[in-house]
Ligand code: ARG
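Next comes just one chain, in structure tokens: the form predicted on its own.
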């Protein structure tokens, strides 16, 4: 039962407002003792020529529904208190019937390509790549749960001037034997050295640009080196994606669209949108706005040119209803220009393109930078997280079977959860020891709560339990858990509409806290008439915690 919709339906019998507006107006009282839902009457004051307080007093007594224990006027609000027994019984029946499909809904349909992760070849994946990867992966799972078909695209950074610089660096300081021995780290060191040397010898920048121009023109040596660098990079990336349990539907990177840019440039010319400016080709964006650079003065293309070609190709091949770019906040202007140029080209589907920005991960308050060599490598972080998880498991449960796999699921899950529990746009500092703690607002805390619920259910298997038909529970602790369980479908809907995985992560934390209070205050395995209902609550809690973690890309071990 959707209790918010019950509130709306009841209000419609007495209030002349559209359903959509009522849905936006309904609030949750800050103090749970005041009720479960509240309708602010301020919006009716002008219409009814009465004070909001008087309106609330007049409306409340006329609203009757057995789903609600009481409906009262509190100042300018009409507050609705749900009948505890009704909510608990109805919610438990739904969760146990639908199991992992609880919360499934159809909010839309069609393809949604998600441009995500997208590391640059010849550089090790760093913590800077984590956010795009795990946010995109979680959004794909959430959108699939509400009816869409996500298509995960790893738009590899495998083209651009930086690869000319890398080739120049390899020619100066590299050798084949070293790259074969440790491909990614050696290529990375060449790249860092190039920028260090270029500060003393600026002519290196020209050399890098020349090598990139050769690559664009199909020079055999440039192409051979670039192909080699890409192959060894992708092999290393896939190893780390396996650790994160993230897969992709496409690895078409920037280079894939290299032969598709000419037609975009021709199209812009034919539509009268391309203009020369200081030797470069640009699209004017309007007064007080920077023009969109399409072709540089040296004749080479830029990122925007390739993104225009990619957007057109994706629409032709995927016929998407929305397309998401999970890319850092600092790229905001780029996506404003991308959408604006597509709109000028006559493509109204540009309105369905959404930039999903996110903040930075810092360490010790400092931004991580690949160019300066100040970088934290993602595979090392994951390895250390697993070690920390294993140490805690050894201390808490030394006889646990399958410790290595559980430690992996907990350690990697801790890193993912910590990222996703933060509001997407927020910057946050990363401290691994805090992230992998089994207490506090962490992924391991949620996983441990679920394992605790599973432990209760294993113990219950030894008891003879009558089947429950009505799941009647009367204590306040069970109601607080059931109320969160009832909210899960709305939580998923909000996360999908706002493209915000933190909504699911915060829900999981809150549910875990309420379940642990229930566990601490109620003797669950007492053999009495309510035992079947209490076990139903435990099982429902585990089902929903497991599904919430799955939507975040985090495993839910049954023992820890």
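Residue numbers count along the first chain shown, from 1. Just so we're clear, the structure is a prediction, and the values are computed from it rather than from any experiment.
Note that the form predicted together with this ligand isn't included here; everything after this is about it.
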Inset, instruction - May I ask you to choose, among 175, 97, 331, 105, the residue with a heavy atom within 4.5 Å of this ligand in the model of the complex? - result: 331
Inset, instruction - Scan 442, 450, 118, 233 and let me know which has any heavy atom within 4.5 Å of this ligand in the model of the complex. - result: 118
Legend entry - Proximity of residue 140 to this ligand in the model of the complex, heavy atoms at 4.5 Å: no
Legend entry - Distance check, residue 229 to this ligand in the model of the complex, heavy atom within 4.5 Å: no
Legend entry - 4.5 Å heavy atom contact, residue 237 and this ligand in the model of the complex: no
Legend entry - is_contact(residue 487, this ligand) in the model of the complex, heavy atom dist at most 4.5 Å: no
Legend entry - Answer range among 281-289, 299-307, 70-78, 434-442 for contact with this ligand, defined in the model of the complex as heavy atoms within 4.5 Å: 299-307
Inset, instruction - Output the sequence-ordered list of residues from 71-86 with at least one heavy atom within 4.5 Å of this ligand in the model of the complex. - result: none
